[in-house]
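We begin with a single chain expressed as structure tokens, specifically the form predicted on its own.
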Amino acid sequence: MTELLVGTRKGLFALGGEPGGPFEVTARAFAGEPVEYAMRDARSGRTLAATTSPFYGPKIWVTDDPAGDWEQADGVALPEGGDASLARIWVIVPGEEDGLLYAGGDPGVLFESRDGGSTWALNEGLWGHPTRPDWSPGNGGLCLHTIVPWPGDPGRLLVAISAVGVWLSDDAGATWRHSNEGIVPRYLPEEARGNPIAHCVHDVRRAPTRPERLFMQFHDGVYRSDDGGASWLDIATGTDLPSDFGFPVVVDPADPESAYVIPLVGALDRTTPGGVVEVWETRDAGATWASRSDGLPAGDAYLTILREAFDSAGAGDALELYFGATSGDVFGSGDAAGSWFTVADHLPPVYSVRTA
């Protein structure tokens, strides 16, 4: 059975089922509260959730059973006495050491936990970076939404922030350098494109079997890196993609040539082009793209899929893909996007989908 953790505007839903048919709700938590993100740490079995209470602000919670009691984590806060306030926790990702977890949030902050998520500390290297006064937020805020460890090497880490681009560390987060070479922010006037920091990255995923390869969904572009994020290549221009705007990207863990995106109309619309829901796949590292959308709504479906709402399980021919929309619909594929089925509908607006 496949399990999904779905964060929504009105709580966390745990779903379970077999690929090909509707899933059942197996647990619900934080009813009525926005759950920005939830994940299960496969190493410990613990489930972590990031909520944004309208009264108490952003929190991280931990449990051994999503249907049971949750414990609030400590240390999820900015230093006292400053002007900035913590607005949201966007993502939680396991690190490459036992018990190590990372959490990213707004305003462009990275937290670290070394006890499985019970306590957290601010990454001072990024928080105190000398360029921080020049950072500008994207439309969704100054959000650190992407955290990409390097398999087997706890010293190497990539994060992405809207709208200040990709940042790399080779010393476990003590120091950071931005890495946006090759990315063209076409949404900016040409005279403003020379800023090496102002880049609105939407999502980055690494190919586990070839870790120097990364795929990026940009604000108006799809990119690939073959050198660990040091430079980026445009893989959308001149292809059949109906739009180069979108939020999430997913990589097949078994094949560093294969990635998936969900194009949206850019600018203010941010819905599926022409009301047709399509997942687009490349099997040649972005040289060509093809729609893989059998079973998805083919008309009058103007959906929005957010950056954390697309995930996978398995690999190769057995790759499972799942995504949710702000309409409350969740779709899945059990055959590497060969066909799609409805996992759930009538949920609250979906913020995140993660396989558990």
Partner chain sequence: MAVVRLRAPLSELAGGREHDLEGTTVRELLRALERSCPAVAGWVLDERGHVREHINVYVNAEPAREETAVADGDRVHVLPSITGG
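Here the structure is a predicted model, which is why all the values come from computation and not from measurement. Numbering follows the first chain given and starts at 1.
Keep in mind the form predicted in complex with the partner chain is missing from the figure; the text below concerns it.
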4.5 Å heavy atom contact, G57 and the partner chain in the predicted complex: yes
Spell out, yes or no, whether the shortest heavy atom distance between N139 and the partner chain in the predicted complex is within 4.5 Å. no
With a cut-off of 4.5 Å between heavy atoms, is L86 one of the residues that contacts the partner chain in the predicted complex? yes
Would Y302 count as touching the partner chain in the predicted complex under a 4.5 Å heavy atom rule? no
Taking the partner chain in the predicted complex, would R224, F247 and G295 all count as contacting it (heavy atom within 4.5 Å)? no
Just give me the single entry in A77, A230, V265, I197 that has a non-hydrogen atom within 4.5 angstroms of the partner chain in the predicted complex. A77
Can you pick the one in Q72, T119, T131, T209 that has a heavy atom within 4.5 Å of the partner chain in the predicted complex? Q72
Quick check for you: of 309 to 317, 59 to 67, 40 to 48, 286 to 294, which stretch puts a non-hydrogen atom within 4.5 Å of the partner chain in the predicted complex? 59 to 67
Residues from 1 to 31 in contact with the partner chain (non-hydrogen atom within 4.5 Å) in the predicted complex: R9, K10
